[in-house]
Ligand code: HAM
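Okay, so here's just one chain, in structure tokens, the form predicted on its own.
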């Protein structure tokens, strides 16, 4: 029957699961949040960049076993395989490598990128989301790590979250690697990246399941059960010195972690951070300090995560170049703002509405709207034939500060009646500027 919509047809009117439409109220919140992303990045002296959301698939499939490899939205076209980016860092590495010889280091770059992952959805986890990335390239010292962690807290403060609501856990992949290569990985050091992919699932699947994967004889790690339990026990360590107890006193990984905490003290945020040996990050390219931000009650998934990836450019065939960065998603932080009662409503707001009483006044109303807009005002010109009562109600709903009323009498006098929609006061102004 003409006009009927089948069940399958109705499904096409919905966005794919895990994605979103942004109607005006959601769009205003998104722009409010993105505005804070941009403002914090600018206040730290970072420059904005962007890249295509579509990349060649091989850019993201560096290491088998990484979760992201199985979560890509990918397809084949004209004998080439493409993927929607699941994260921005590989695209950023590609951009850096393309101009590696002509860039002034260190780079301080940021972006707000749309990312795609086909994963199980939970609160704050979608298949399509936006991610604020800040990265420093070309600086090996932990001063860069500290600057980025400070930027995360600058953002949460700007958003209205009280100090202490967000905490950052810190660890070092280098510290873990040194420890394991002195112990359970002494005979198989190349298994370390795969081991990190497994133990990153600890919170999701539990200790026993992690041990099972680490001891799988057909898996990439292949530890004995007593060795796997030793690894899991290490992940529960809450003190840097205890975690580094099996290492030489001059361990660089230990020194870097302790110095980072000293730097965070200077930023005034050390009391919001702590050592957490269970944080390892699931991507194989991390090489040094890693960190994740959570709500203090751990009711939500990680708000952001990042760390050092000093060898990523080399894996793509480029020169050695140290780098550190983080990704901060838009979904979890919105949930936290809701939980804390500080998510703004972001109502619509325009400066003025211009209302012609009839079509004979419309040319003058258009000229008035053009003049106001040229002066920088946001102006809605009432379209079509609308009654005054409706125009006033619509102007109030739109958050307009003023409404310009133009009837035949006003037009004859070369004036327009201006009503303040907050106070109700009104006055006349000349239709044409002096």
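Numbering follows the first chain given and starts at 1. In this text, all values refer to a predicted model and were calculated from it rather than measured experimentally.
In what follows, reference is made to the form predicted in complex with the named molecule, a form of this protein that is not presented.
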- Query: Are all three residues 126, 328 and 331 in contact with the named molecule in the model of the complex, where contact means a non-hydrogen atom within 4.5 Å?
  - Reply: yes
- Item | the named molecule contact at residue 133 in the model of the complex, heavy atom, 4.5 Å | yes
- Query: Can you check whether residue 285 is within 4.5 Å of the named molecule in the model of the complex, heavy atom basis?
  - Reply: yes
- Item | 4.5 Å heavy atom contact, residue 305 and the named molecule in the model of the complex | yes
- Give a yes or no for residue 227: in the model of the complex, does one of its heavy atoms lie within 4.5 Å of a heavy atom belonging to the named molecule? no
- Determine which one of 117-125, 336-344, 247-255, 182-190 lies within 4.5 Å of the named molecule in the model of the complex, judging by heavy atom distances; exactly one does. 117-125
- Which of 314, 139, 265, 87 has a heavy atom within 4.5 Å of the named molecule in the model of the complex? 87
- Using the arrangement in the model of the complex, list in sequence order the residues of 358-387 with any heavy atom within 4.5 angstroms of the named molecule. none
